[in-house]
Each structure stands twice: as C-alpha cells, then as structure tokens.
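Here's a solo chain for you in structure tokens, the form predicted on its own.
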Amino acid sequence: MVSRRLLLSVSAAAALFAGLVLPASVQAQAKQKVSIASLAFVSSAPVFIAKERGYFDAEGLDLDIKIFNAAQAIAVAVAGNDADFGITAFTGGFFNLAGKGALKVIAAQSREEPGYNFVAYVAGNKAYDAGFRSPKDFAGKSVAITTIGSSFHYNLGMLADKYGFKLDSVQMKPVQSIPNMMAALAGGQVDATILPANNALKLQADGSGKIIGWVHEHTLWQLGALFTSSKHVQQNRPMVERFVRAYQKGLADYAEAFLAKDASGNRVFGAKAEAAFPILEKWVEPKPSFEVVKVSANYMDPQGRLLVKNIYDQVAWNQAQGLVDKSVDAKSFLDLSFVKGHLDLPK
C-alpha cells in the first residue's frame, strides 16, 4: 500500500509542476487580439508574411486580417473602431478623418519608385484601338475609379499637372471597388481604369484591356501607409509598438524576397522569393502566379520609413481640389515616433 506521506509528496510535486507549466500555457492563450483592415493586394504582403511567419504571435498579438475592396472603407473601419489598424493608400476621405483626430499614420506602406511596377494605367480595347496609347492622353476619356478623392483620382491629378491637361476634362466614374473597376472596363462602360499591377495584368491576360503605362514611369509618390486610431496611440502604445515591430520584420522579409537587384541593377528573384510566394498566393486576389508576382511586387521601404513631405503635398493638393478641409494639417496626424529615420522631412 502506498503511504499517505508518499501520496502527499507526489501531489506536492504535481502542484509544483503545474505551477511551472500552466502559466506558460495560459500566457500562450492570452495573446492580445488585434485586427487590421487591408486590401488583398501584393502591397499588403508584409502583413501577410508577418502573420504567416509568426512575427505577430512572437509579439503576443493574435492578428485577424479583414479584407476590404476599397481604400476609403479601410480608413472608415479604423476610425469607427471596426479594425485596430489599417494599411492602404491615402485618400481625401482618409485625410479628412485624420484631420479630425481619428487616425494616426505610424509607418509606410507602398510608394511609387522607379523600376518597380505597382499601379498601371489600363485602356479598354476599343479606346486602345482608337489610339489611346499613352497616359498623357487621358483628356476627354472616361475612367473608372473607386471614389472621388481616391488614390486613383490623385494619380490622374498628378498626370494632369505634369502634362498640362485639365483634370475636369477627364470623366471620372466612381464605382466603389476594384472588382467593379475591372468589370466596368471589361464591359466597355469606360475608356480606361487605373489598377494595381496584379489586377491590371489579369485584365490584360483575359483580353479585356491593355496596359499603357505605369505610374512610376510618370509620377513618384508615397502612396500608402500603416495607420491606427489616435485612441490606440494614446492608450495602447505598447501594443502599437509591438505591432510595428512585427510589421517591420514582414517588411524586411518582403524586401529580401522581392526587391533585390543584382550588380547591374536588374531585379532578381531567388530562393527567398520562392519561399515567400506561397504566402502571397494564399492572401492576394486575384491569385497570382509567381511570374505575375515578379512583375507586380511593388516597392516598400524595408524599415517602413515615410516620404514625409510628399504627404504634406498630397494634403495640399486635395485641399486645392476642395476634397479636404482647409483646417487639416498633416503634422497633426503623422506620428513619426514608431519608426526611425523617416525620409524627406519638411524643412
């Protein structure tokens, strides 16, 4: 018969073991739930990579990625507390929400950089056959965009400023989402549209349109950013810091995989790109081939550094168009403390 003393010793040992093991288990279960609103684009790849490779988990964050179809909806979701973070392009609506104190920009996402395809100008077949072959010739054309004040609207505005045509000569047709823009062009409802590379290449492959140029060939700018609510910056700063650290690891992996160049300046895609591709294949829509990713992997600063003055310029342009309130000041919604070494700081 087992002695009472032995039973007590075994029980005490079990309790001690549980005391050592359970807290780690509980800690693993107690990761902080956070969410990010995103588009299913290659430009969101650093978030997808960081999630799939456990970088958010390592920071104690259980990340839920919520996919949207337009940039403006992402800004509204974060401002309305339907998502903790957002990552997408700047829009006039974003600037208005941020100017009212709802949003804080904390790191960079995509930007138009020479030699890196991101957003394409796409002509419909009828317009192309009629001679619409250059982004310089948008005057008098009808163009599908998501919303007035969107990044696509701004792309047209930059072209108008550079090539001297009147922006109001372009018939912009807001159709609310990227899939609707693709459908409008494929259905012959518009002469052109402006799309992220993966979507543009899909249209071209389907025979529904022709790519007539890339934004980086004409106008360079800081297109997108990572942002959160002002409330999180004020009340949950440690969580935001952890999120940014995980995001930066995703950015670094993305850069090593998809932004590398050889000694001659040619882009190269080696083993790291092949290893990361299944993650993009899982999250990006329409699902890309590896060859498409090689064409459409756009530039993002590997540390998440913003081109700061360019954001001031975007606000000013939107204000001049009557799309953003005159009271909005970029300085009020840019929090440059989470990432070191931001670029092109205003003097």
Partner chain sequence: MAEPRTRIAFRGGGFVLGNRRWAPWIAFVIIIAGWEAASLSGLLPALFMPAPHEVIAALRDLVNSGKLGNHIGASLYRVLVGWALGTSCGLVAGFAMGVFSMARAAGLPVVAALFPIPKIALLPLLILWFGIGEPSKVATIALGVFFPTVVSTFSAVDAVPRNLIRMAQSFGLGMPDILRKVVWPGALPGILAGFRISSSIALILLVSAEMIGTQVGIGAFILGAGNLMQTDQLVAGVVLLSILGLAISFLLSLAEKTLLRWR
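So that the term is clear: the rigid core is the largest set of C-alpha atoms that superpose within 1.5 Å between two forms. These numbers were taken from a predicted model, which means no experiment stands behind them. Positions refer to the first chain, counted from 1.
There is also a form predicted in complex with the partner chain; it is not shown, and the following applies to it.
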Region of this chain that lies against the partner chain in the model of the complex, out of 253-261, 118-126, 235-243, 87-95 [heavy atom, 4.5 Å] | 87-95
Contact test, all of G80, I148 and P174, partner the partner chain in the model of the complex, heavy atom 4.5 Å | yes
Any of the heavy atoms of Q189 lying within 4.5 Å of the partner chain in the model of the complex?
-> yes
Even though the partner chain is not shown here, does L336 get within 4.5 Å of it in the model of the complex, heavy atoms only?
-> no
Is there a non-hydrogen atom of V328 within 4.5 angstroms of a non-hydrogen atom of the partner chain in the model of the complex?
-> no
Wondering, does S208 line up within 4.5 Å of the partner chain in the model of the complex on heavy atoms?
-> no
Residue among K202, K272, R267, K100 with a heavy atom within 4.5 Å of the partner chain in the model of the complex | K100
Answer with one of Q72, Q248, N155, S229: the residue that has a non-hydrogen atom within 4.5 Å of the partner chain in the model of the complex.
-> Q72
Cα of I148 displaced 2 Å or more between this form and the one not shown, core superposed?
-> yes
Tell me, please, whether between this form and the one not shown the C-alpha of Q171 is shifted by 2 Å or more, with the rigid core used for superposition.
-> yes
Taking the rigid core as the superposition reference, indicate whether the CA of V244 shifts 2 angstroms or more between this form and the one not shown.
-> no
